[in-house]
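This document opens with one chain alone, in structure tokens, the form predicted alone.
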Amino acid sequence: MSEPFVEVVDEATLQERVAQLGSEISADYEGTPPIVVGVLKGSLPFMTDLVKHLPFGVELDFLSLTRFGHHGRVSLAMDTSLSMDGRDVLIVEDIVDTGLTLTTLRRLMEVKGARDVRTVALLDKATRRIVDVPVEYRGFEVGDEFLLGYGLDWEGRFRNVRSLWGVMDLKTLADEPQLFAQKVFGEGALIRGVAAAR
């Protein structure tokens, strides 16, 4: 039987790529630090590491979206607090797949008066794109596998894993999530409300 969980990007590789993205973004925004807008909750670990490599003077803000149904209708759960009027805005996403959410976000920033809107995404599932939306900076292009860690979750858990993992067997994760916890955090790892694996 194949492994149900496979580390696809280790912590060192993640941090190296985030630093490279920070250098690219810093060069492009030299002299005009942007407002960096993180999309909660998945972008938080990525954004935290990324801004350490951005120039002094960037401002940080956040928003949160809710998606409804299979048609992907997006609604704003929490809005930004800073004025975007006349400013350069850099949207930070954990993952872009269909492009529907990102299209909505970019339009929202434009409606708020942003002078320029760009996106940095840790992961790009370009093969799943439904709408053509620009992603100016991308960390890694990935396939259709279910990914966990570094901001990506399963039922709200495992965002704090420091590397990225591919879930090869979703049924195993759903039936025995403690197996993943023990694989990543060690034999004694327990998930609240879930019995330890025997």
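As the structure is a computational prediction, the values presented were derived from the model and not from experiment. Start at 1 with the first residue shown and count on from there.
We do not show the form predicted in complex with a small molecule, though everything after this point is about it.
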Original post:
Quick one: is Thr98 in contact with the small molecule in the model of the complex, heavy atoms, 4.5 Å cut-off?
Top reply: yes
Original post:
Taking 4.5 angstroms as the cut-off for heavy atoms, does Val51 touch the small molecule in the model of the complex?
Top reply: no
Original post:
Using 4.5 Å between non-hydrogen atoms, is Phe146 touching the small molecule in the model of the complex?
Top reply: yes
Original post:
How about Arg67: is it within 4.5 Å of the small molecule in the model of the complex, going by heavy atoms?
Top reply: yes
Original post:
Of the options Leu173, Leu152, Ile35, Val135, which one has a non-hydrogen atom that comes within 4.5 Å of the small molecule in the model of the complex?
Top reply: Leu152
Subject >> Heavy atom within 4.5 Å of the small molecule in the model of the complex - the one residue of Lys125, Arg106, Arg87, Lys112 that qualifies >> reply: Lys125
